[in-house]
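Below sits a lone chain in structure tokens, taken as the form predicted on its own.
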């Protein structure tokens, strides 16, 4: 079942900036990685999904609802983390969470408490005095605390230390197990590799590939065939490079790391 769907979306800001004929969907219970270099169009696409921008060409729907016309209905069951988190800085974290809870009509605060404990966040202090990492944690708690079925996350673990990044990955895995649908934009390749079922890569406003992580790896396998002087040399060489020796011949299969694969697309090496 398609939960999030973008179809032929174009937003032309001129001078080659914007997004152009972008189409993809995110299925129920799937974590979809949406990747690309800065300025590639990720945030523009996400703003359309959030109903912040009205589409001029193409469509954006969530659960079959128009993202612009029915955004209020959509957001009742949606969790969102912005790539540039902004709060009411004069509030304390506790005041802000209470404000959001009242706005969303949350009566059970247990999920909020569990998230605060997981990310070791004490929200009592003024938001304007919080570090980048603390604000990011507050954003995560706010996005997840009403237990939404759909999550749109733009650089959600930015500013977190490695321990907290790992806890965030664990959280995504738990939500996925519950059947939640997640669109994840991230520059942290390990996070993407550990959580995402499929990955869409956008460059210069155009979607250049949509595939599973494993398919991307298989597409970038390199095989090398070498001939050495003696079977002994071949056997030694094969052992050193995880190859297979047959007489004086050696076959070596090289798999690129996922990060290297992404960089090929980011830098324009793949079409």
Partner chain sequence: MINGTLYRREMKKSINMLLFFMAVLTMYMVIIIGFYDPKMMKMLDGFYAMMPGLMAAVGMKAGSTTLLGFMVSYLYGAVLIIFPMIYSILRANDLIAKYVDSGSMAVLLAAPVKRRTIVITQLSALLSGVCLLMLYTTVLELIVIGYKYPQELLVADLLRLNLGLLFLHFLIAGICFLSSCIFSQSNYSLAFGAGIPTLMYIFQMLANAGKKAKMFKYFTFFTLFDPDSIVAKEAGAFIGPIILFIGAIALYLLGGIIYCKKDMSL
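Remember, it's a predicted structure, so these values are computed and weren't measured experimentally. Numbering follows the first chain given and starts at 1.
Just so you know, the form predicted in complex with its partner chain exists too; it's not on screen, but the next bit is about it.
A single residue from the set 54, 215, 27, 236 has any heavy atom within 4.5 angstroms of its partner chain in the model of the complex; that residue is 54. Proximity to its partner chain in the model of the complex, taken as a non-hydrogen atom within 4.5 angstroms, holds for one residue of 75, 94, 166, 158, which is 75. Remark: all three candidate residues (86, 90 and 102) come within 4.5 Å of its partner chain in the model of the complex, counting heavy atoms only. For residue 241, no non-hydrogen atom is located within 4.5 Å of its partner chain in the model of the complex, even though that partner is not displayed.
Residue contact with its partner chain in the model of the complex: residue 80 places a heavy atom within 4.5 Å of it. When contacts are judged by a 4.5 Å heavy atom cut-off, residue 50 counts as touching its partner chain in the model of the complex. You can rule out all but one of 175-183, 111-119, 191-199, 67-75: in the model of the complex, only 67-75 has residues with a heavy atom within 4.5 Å of its partner chain. Residues of 120-135 placing a heavy atom within 4.5 Å of its partner chain in the model of the complex: none.
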